[in-house]
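As a starting point, one isolated chain is supplied in structure tokens, in the form predicted on its own.
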């Protein structure tokens, strides 16, 4: 099948990744992550003092603010704030910084599809840049089921999303290893264990949902590898600057 996105020949091909860290001087951590023409910048401030009403005695308070490309935040942005916050809360070792606050601001720079997955990936890079202790790292991927062909397309563009029967975004941690066979029961269990968050809209069968999960789980391994490499390169650059 030929995709509407002519830069890709395969239904299960991701767009090129790009990332940059330590972009904002006034933030403790910041990062930009791109899936092709979709781009999100994220800043992290904290751990820092928090208002008394938001203070938690045994852990840090996590605040997430999502800002759209243009205009004021709407219902969809508030839903994304909740999704990112609830996914990150069990991941961040907030017990190490009680009675403090960690603020995460997510700003959409360009939107050409898969923007929620792009936001998740930018957020984890910004947290790593800020030195926030984490249990593991996450990676996110979006796919759709095409309304005409029923084929699953990874990392859809805005044009491809318009033809979607259903849209699925999955967030996985990097703790579970992947097995070679899609039919293997071990992989089904690994996908279930590794899933931190999933969001599905539209019409789809149970079989289509789990097939989307399997395909996204395979694809997210490349995202995990990219994030690890990006952080490693940043650390190497910092070491060079220290010793120069």
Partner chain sequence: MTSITMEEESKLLIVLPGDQLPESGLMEDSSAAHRLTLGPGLAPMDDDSITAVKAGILKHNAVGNRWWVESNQRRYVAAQGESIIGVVTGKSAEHYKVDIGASQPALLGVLAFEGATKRNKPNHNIGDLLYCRVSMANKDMEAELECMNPTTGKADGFGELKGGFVIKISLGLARRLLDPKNLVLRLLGQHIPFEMAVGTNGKVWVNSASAQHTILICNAIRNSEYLNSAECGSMVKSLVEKM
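This one's a predicted model, so the numbers in the text were calculated from it and none came from an experiment. Residue numbers count along the first chain shown, from 1.
Unshown form predicted in complex with the partner chain; subsequent notes refer to it.
Enquirer: The partner chain is absent from this chain, but in the predicted complex, do 27, 135 and 241 each have a non-hydrogen atom within 4.5 Å of it?
Expert: Result yes, every residue of the spot touches the partner chain.
Enquirer: How about residue 22 - does it come within 4.5 Å of the partner chain in the predicted complex, if we only consider non-hydrogen atoms?
Expert: Yes, residue 22 lies within 4.5 Å of the partner chain in the predicted complex.
Enquirer: Check residue 49 for me: does it contact the partner chain in the predicted complex (non-hydrogen atoms, 4.5 angstroms)?
Expert: Yes.
Enquirer: Is residue 12 close to the partner chain in the predicted complex, meaning a heavy atom pair under 4.5 Å apart or at it?
Expert: Contact check for residue 12: no, nothing within 4.5 Å of the partner chain in the predicted complex.
Enquirer: Verify the contact flag for residue 79: yes if a non-hydrogen atom of it lies within 4.5 Å of a non-hydrogen atom of the partner chain in the predicted complex, no if not.
Expert: The answer is no: residue 79 has no heavy atom within 4.5 Å of the partner chain.
Enquirer: Looking at 112, 160, 129, 155, which has any heavy atom no more than 4.5 Å from the partner chain in the predicted complex?
Expert: Of the listed residues, the single hit is 129.
Enquirer: Based on heavy atom distances of at most 4.5 Å to the partner chain in the predicted complex, which listed stretch, 121-129, 162-170, 71-79, 145-153, is the contact stretch?
Expert: Partner-contacting stretch among the options: 121-129.
Enquirer: Going through 94-121 from first to last, which residues have a non-hydrogen atom within 4.5 Å of the partner chain in the predicted complex?
Expert: The stretch touches the partner through 95, 96, 97, 98, 99, 100.
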